[in-house]
Structure formats: structure tokens, C-alpha cells
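Form predicted on its own, single chain, as C-alpha cells, below.
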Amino acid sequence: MSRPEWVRERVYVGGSWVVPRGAIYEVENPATEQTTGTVRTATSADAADAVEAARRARAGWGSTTPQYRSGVLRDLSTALRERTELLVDTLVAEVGTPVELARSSHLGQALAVVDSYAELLETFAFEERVQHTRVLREPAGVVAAITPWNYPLYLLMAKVAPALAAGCPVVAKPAELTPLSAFVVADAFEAIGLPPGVFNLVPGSGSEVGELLATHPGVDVVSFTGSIGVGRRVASVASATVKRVCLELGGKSASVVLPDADVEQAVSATVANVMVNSGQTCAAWTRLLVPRSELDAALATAAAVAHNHVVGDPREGGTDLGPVISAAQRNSVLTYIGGALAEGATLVCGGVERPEGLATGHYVRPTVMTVLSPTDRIAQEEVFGPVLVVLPYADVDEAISLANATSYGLAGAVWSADDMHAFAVARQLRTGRVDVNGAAWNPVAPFGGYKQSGNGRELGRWGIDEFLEVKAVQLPAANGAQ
């Protein structure tokens, strides 16, 4: 099913819809493998025009009051809510995410982030006094927001909302595979009367549009979420102009089940976490660490829970897993599974065969396996598919060591009968976020990674800080003391 909103011949630059210079891109529905919409893409010249539009808007937007910007974000939230059904349909069509997940997570969390910044602006301290010095937090300038395809709406809002809250105009480049939801956001901004140039949308290739934004001297901050390889490229080319770069580059997070934990509960929750969005979640707990004495019980539970996940049409209400995003991503996931089996891994459930009855679509079976060594490739690298690796450990010290033994450090979980025992272990994990005993997501807590998971933080006041410069104004003692 196609909709008029999924055919886009213009991009949003400087408050107007303009015809870009690029080619037509066909957006594929990963469940049907059919074209669901088309977008005329931007070129580097179009992206440069967007940067210039943002620069023209910079002074005016940066001089608005926090209260005014809070009102704009509240209006945006309302405008997005008015487009709920369109956004849900769009996310199902371009990502392949199940309809219930599209509504609750993709859209619901995006709205929670927008609302959180509207509220935070009412109390955020843009100025403070330190003895005779006034410390000012000022907008850093033009922000390039480069987002991935797995949660296109949520991740766009996780960058755009704090950037606008900080007083920075934005040039957004959505992922090539999933541009359609970003156009709905641009429609919403136009509908609420956002000043021209404060939000600009230029879909296109990373090699052309993304490269232009990362290198353009008129861009002051690049906020990028995506693969580690592309993140390295963004950081490298951005260094020529010494602009600020915020990176979120994925993870290989561990769910640590301590010896006193309820194993069935912990394993069930971990499997469910890994399978969300068909495993295409950067913070997924893709390594399950269990006491060696509990390995057989953990594997039996994991297999049963994974088997109960329904793989199918994302438009159907009972579907738990839709397809992965593309044929290339499916091939990548299956290559990881096949390679692990060739190296001696044991398949607990799932595997490389297509799910029954799904001859069309980029579907992958929910897969659980054990490996010969925690250093095996599938236990070290981000698969980005519905694949869980189970690793046994001898004692808690080894569990902590295994949890920390990857190049990533984005998220994780700890399970225990004692929350404070779990907290003590969580403190020893070198990762940016740890969930204790299934604690709920917090939209105002910082999110970001250690090590090669990136740098910088999103969400809450930490998300605003990424888009602010700090200025110290020294005043004579008599004035400073006033």
C-alpha cells in the first residue's frame, strides 16, 4: 500500500519545499520487497544550500528565549500526535517494524523525547555564577543530524529536539533506506510555523550529502548515529574544520545473570530484548552471561521464549518480529550465523533457513546459539539481527571480565535477587547504560557509550550540553558579587 505522503519530489530547505538536484530513490518495503515510496534526493549542492539557510537562521533562533523554544517543541509534539496514524503506517512500511512496536516504541519514545525537552527548557540553567564569573551556555551553531535506518523517527528526535532546545538550527540527513518519516516531521514543522532555516531536510547518500555536512565549515556540530566504520569516517573528515562530533556507534551489550537471580525471568527478558525490532537495536543485550551451572536451564528457556516469538507480516497485530531492513542486512546476519556454525558454535534454535511461510521479505529466524570461545566473531561483533549468544561463566569476576571484553561499551543489564548487589556489579561494567532487573527506559537519563561505542551523550540535560558552548565572562569583583 502506498500513500501520497510517500512520494516526495522536493526537500525542505530554508522554510520552503524546493526541487533538489539528485536522482529518484525508491524506498523498499522490507516485508514485501516492493517499492513503497519514492524520494528525489539531495546532492552536495543542495546540502550546502541547507547549511547556508541554517546559518542565516542561527542568530535569530539562538536569541529566542527558552520559554519560546519550549512552546515550539510542545507545538511539534502536538503536530506529530495529529499525524500518529500516518507515522505508524510510514514506519511499518519503511522499516518493517511490527505495527504495535511502531506505535509504542518508534513513535511513543520519539514523542517522549520531544516532550522531555519542552519540559526541561522550563528549568535548564543557561547561565550560572561562579564567584566573580558568569558562565554562559550558548548555542554552538549549525547542527548536522545524520541518522540511521533502524529507529528513524526516534533517533531524529533524539538529535533535533535537544539541538533546537539549545538554540541551534538543524540540517537533517536521514538514512537512505528510511527517509519517509523524516518528511512527515518536516510537514509538522511547516504546519507549526517554525522560522525558516531552523529545520532543513536533505535526504541523500552518505558519501555525498553526509560527507558534505561533515566537512562543511559552516557546520559547527555533527551528531551521527550509525556503524563504527562510517563513524570513523565522519570523525576523520570533520577533524579538518575541528568541529564538534558526537558519535553513537553501536554495541555488543551483555546481560549478566548473577548466581542469585531468577534465571527464567532474566533469560526471558533478555531474549525479548534482543528480538525487539528484529534485533536491529544498538543497545540490545546480544550476549547472555549465565553461571555455568545454569547453562542448560538458560538454554532451554531461551529456546522456548525465542520459539514463541511470532515472525510475520508487520501489519498484523500479533507479529513480534518483522523483517530486517534489506536483503543486504539479511545476508549479513545469515553470514554471521553460518560463520559461527562453521567455527563450531552450537545452534540452540533458529538458524539460516527462512521462517516457514515467508518466501518473500527479508526475514530471519529468532536465533540462539552458544560458541566455543567468547572471542569468536559472533560474540564480539555487532550482528544487528535477531541473534543471541549465550556464554557461561565460572564466577562473578569472570562474568564482569567477559562483559567488558569487547571493543564496545554502549549498554547492558544485570540481574540479581538483590538490587544493590546488581548495582555493585553494574558499577564495574565499562558501558554507558546498565539496566538493573529490567528497569524501565528513562527519557531524561543520558544515553551513549564507552570505548568504540562512541562519544557524547543524548537525552536529558546531557543531550542539550552536546549543542552548547560554554563562555566564562569575568567581571570585576564588585559587579560579579551582585
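Remember, predicted model here, so these are calculated numbers, not experimental data. One-based numbering along the sequence shown.
The same protein also exists as the form predicted together with nicotinamide-adenine-dinucleotide; that form is not shown, yet it is the one meant from here on.
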So which stretch, 341 to 349, 231 to 239, 67 to 75, 120 to 128, is the one near nicotinamide-adenine-dinucleotide in the predicted bound form (non-hydrogen atoms, 4.5 Å)? 231 to 239
Using a 4.5 Å cut on heavy atoms, which of N331, S104, S207, N308 is close to nicotinamide-adenine-dinucleotide in the predicted bound form? S207
Using a 4.5 Å heavy atom cut-off, which residue among G251, P323, P98, P162 comes into contact with nicotinamide-adenine-dinucleotide in the predicted bound form? G251
Can you work out whether nicotinamide-adenine-dinucleotide is within 4.5 angstroms of a heavy atom in all three of G15, A54 and V171 in the predicted bound form? no
Are any of the heavy atoms in T360 no more than 4.5 Å from a heavy atom of nicotinamide-adenine-dinucleotide in the predicted bound form? no
4.5 Å heavy atom contact, T90 and nicotinamide-adenine-dinucleotide in the predicted bound form: no
Though only this chain appears here, would Y450 touch nicotinamide-adenine-dinucleotide in the predicted bound form if you measure heavy atom gaps against 4.5 Å? no
Looking in the predicted bound form, any heavy atom of W149 within 4.5 Å of nicotinamide-adenine-dinucleotide? yes
Residues from 395 to 429 in contact with nicotinamide-adenine-dinucleotide (non-hydrogen atom within 4.5 Å) in the predicted bound form: L410
